[in-house]
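Only one chain is given next, in structure tokens, and it is the form predicted alone.
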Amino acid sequence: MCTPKFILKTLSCLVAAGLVAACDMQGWNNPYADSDSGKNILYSAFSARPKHLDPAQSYSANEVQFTAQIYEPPLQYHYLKRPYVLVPLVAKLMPVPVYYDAEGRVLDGDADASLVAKTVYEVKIKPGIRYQPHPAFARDGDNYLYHQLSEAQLDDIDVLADFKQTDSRELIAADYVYQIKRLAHPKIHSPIFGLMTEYIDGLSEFSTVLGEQLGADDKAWVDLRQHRLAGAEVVDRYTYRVILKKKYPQFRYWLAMPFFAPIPWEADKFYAQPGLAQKNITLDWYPVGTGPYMLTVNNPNRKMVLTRNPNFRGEAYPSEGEAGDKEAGLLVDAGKSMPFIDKVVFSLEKEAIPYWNKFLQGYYDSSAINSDSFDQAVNIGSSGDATLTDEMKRRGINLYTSIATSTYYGGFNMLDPVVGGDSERARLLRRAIAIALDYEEFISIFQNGRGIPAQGPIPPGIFGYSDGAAGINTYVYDVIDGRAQRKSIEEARALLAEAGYPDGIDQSSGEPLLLYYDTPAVGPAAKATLDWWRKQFKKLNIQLVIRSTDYNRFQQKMRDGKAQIFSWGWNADYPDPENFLFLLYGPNKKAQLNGENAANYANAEFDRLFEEMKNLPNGPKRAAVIKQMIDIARADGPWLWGFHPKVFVLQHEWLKNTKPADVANNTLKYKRLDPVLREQQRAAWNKPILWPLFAVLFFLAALLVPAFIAHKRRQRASAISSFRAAAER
């Protein structure tokens, strides 16, 4: 029965709920803890947990966003200067290579590579640098607390934070040598081991010795301090040498990568203990570095958190850059101590739309632009210039664009009997397909115009790239008024006929030409792209069969040299043309040799010029050699040339000191936040819409009030009836 007491109580609860909602809904959709409001925390996201955070193994972009903030190699790239310039990070000075001939005599710095029998890089590091707090360093006197864990201790440990004591120590030169030795460890499988054996003296032999010592027990810890490596030696507490077997000017770029960051032996021993790997307490999950940040939370199903390293020495923000940096506000913090941000929270976001919506609400500080949100964010003018939409401008959002130091390309397997080889017939076939494959259309449809068609392997911003008419690939394009215009499909068909495939028919067999595109792209999301590929070949009346498979099988097919036509890509490891031209270097074939020459291209003259080019300093001579190499590759056509992507990034106005830096990765320390402005904007953009709630309350009240009145009337009528009945008695 609905009593007055119940009705009054219900009405009171509804009103109270409405008042609470009105007073307490400012952060109604905030995905973060209220206690973090207004704090100096940067918010970003990740879509998949990094597989490796061990600097000897890590080699992916989604990993380096973490490792580059934690580990410190000797060198880094200047944050503001372009072209990219190497500067000391932990090193006191820039190391200068010293060259020796076979008799041990010192050679001039510009000595011919054929005369160099040894190159020595001597690195002096700054004293007083300390590691982040970590249980591997914890000691009681001379004894390490956690280097011999008992089963009882392991039972109480689930994550690294469960270790109650931590400590630190000073960074020393021996830590860098220790990490170089780790590159050769058979258990680690460093992706650069094969390349480095070509240069670092004794690295291959060192790996063999370690393998013999490990034997069948590959889980045993080997104290690498006890094994000598000829190519890496400690000089004194703050100095070490790297000895190369030949001249390799590009080695200085490797000294700016996490592969050559220090690892303390204490951490190596600590993580090697039985039982820790089963709990994911490994160097792959919990790095140990001297950088401005340390990883304090690694929850792959939710979030990863970088927190300011309390032992970080501080580093001054750059005081100079390039033209326009001061006007862009990039020198406001010149000379101030970094890092500026206390914590960086990376939340798991598997889908682009939720990420985008949270960015618009102010809950992420920056965002890329996917195809679904492109028109909402950016206008492309008739001249191709990108500007923000009015909605983005009203929110104070900034747009940063750059052409990535990357190349995405289609390729031919040069080992294939139809599309490969150095016969004129195969060369003409490849050229015809390269003309027909309209990458301008691809960029427009699938990249929202974010890219420029590639004329060769080297992207803009890297020495050897030629802009304008001089850089046009005239095998695929005509030069019209100094600009590239793709050759007509009629020219492509004529080349196809000259190759012996008129109208897509193989003259030698009378059968239609059937080609195969191998790809890891599968599922509905890939359908549009694969249909586009079929359409391009259809222009030449060539039947294209799509052979889709999972990524692992596709990789194996590429290693076995069994793919025919494929798509591939390369992001610069370092800003040097060698890092792109080696993608066509014969001894770097993917098939058999497991290199990065995915097309398995081999041209003796190209290879000879590559050997000459890689040891030359940037200048007219090197530029001329590079031009010769690119001309050879264009004529042979092992690639479909593809495009260089444009990077579009949106950023809220409260995030400062942003400059696109594709090659530099340790950039979080330069960023600065205005948390007060962010909090104000979040409040303005996320005001709760309360009228539906009050409408519901009004509707419920409209239902309950008449019931209350009717009930009171019934009570009054009942009381009157009772009174009359009593009076009559």
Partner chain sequence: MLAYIARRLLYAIPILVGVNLITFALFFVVNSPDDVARVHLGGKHVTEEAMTKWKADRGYDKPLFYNPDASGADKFRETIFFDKSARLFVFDFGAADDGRDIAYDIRQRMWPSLAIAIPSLLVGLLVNITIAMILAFFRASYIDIAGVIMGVVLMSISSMFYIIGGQYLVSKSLHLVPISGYDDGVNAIKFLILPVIVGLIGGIGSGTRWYRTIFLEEINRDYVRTARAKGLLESSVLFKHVLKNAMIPILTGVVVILPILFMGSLITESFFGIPGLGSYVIDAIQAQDFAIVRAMVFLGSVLYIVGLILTDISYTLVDPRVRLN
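Positions refer to the first chain, counted from 1. Quantities reported herein were computed from a predicted structural model and do not represent experimental measurements. For the two forms, the rigid core is made up of the largest set of C-alpha atoms that agree within 1.5 Å on superposition.
The protein also exists as the form predicted together with its partner chain; that form is not presented, and the subsequent description refers to it.
- No member of the trio 78, 371 and 431 reaches its partner chain in the model of the complex with any non-hydrogen atom inside 4.5 Å.
- By the criterion of a heavy atom within 4.5 Å, residue 253 is excluded from the residues contacting its partner chain in the model of the complex.
- Although the partner is absent here, residue 525 sits far enough away that none of its heavy atoms falls within 4.5 Å of its partner chain in the model of the complex.
- Among heavy atoms of residue 573, some come within 4.5 Å of its partner chain in the model of the complex.
- Using a 4.5 Å cutoff between non-hydrogen atoms, residue 38 does not count as a contact of its partner chain in the model of the complex.
- This chain lacks the partner; the member of 667, 686, 680, 44 within 4.5 angstroms of its partner chain in the model of the complex by a non-hydrogen atom is 686.
- When its partner chain is considered in the model of the complex, only one residue from 124, 147, 227, 559 comes within 4.5 Å through any heavy atom, namely 559.
- Comparing 588-596, 167-175, 526-534, 603-611 against its partner chain in the model of the complex, the single stretch with non-hydrogen atoms within 4.5 angstroms of it is 588-596.
- Contacts of stretch 44-76 with its partner chain in the model of the complex, defined by any heavy atom lying within 4.5 Å, are made by 49, 51, 52, 59, listed in sequence order.
- Core-superposed comparison between the shown form and the other one: the C-alpha position of residue 550 differs by no less than 2 Å.
- Here residue 560 counts as shifted, since its C-alpha moves by at least 2 Å between the shown form and the other one after the core is aligned.
- Annotation: Cα of residue 381 displaced by less than 2 Å between the shown form and the other one, core superposition.
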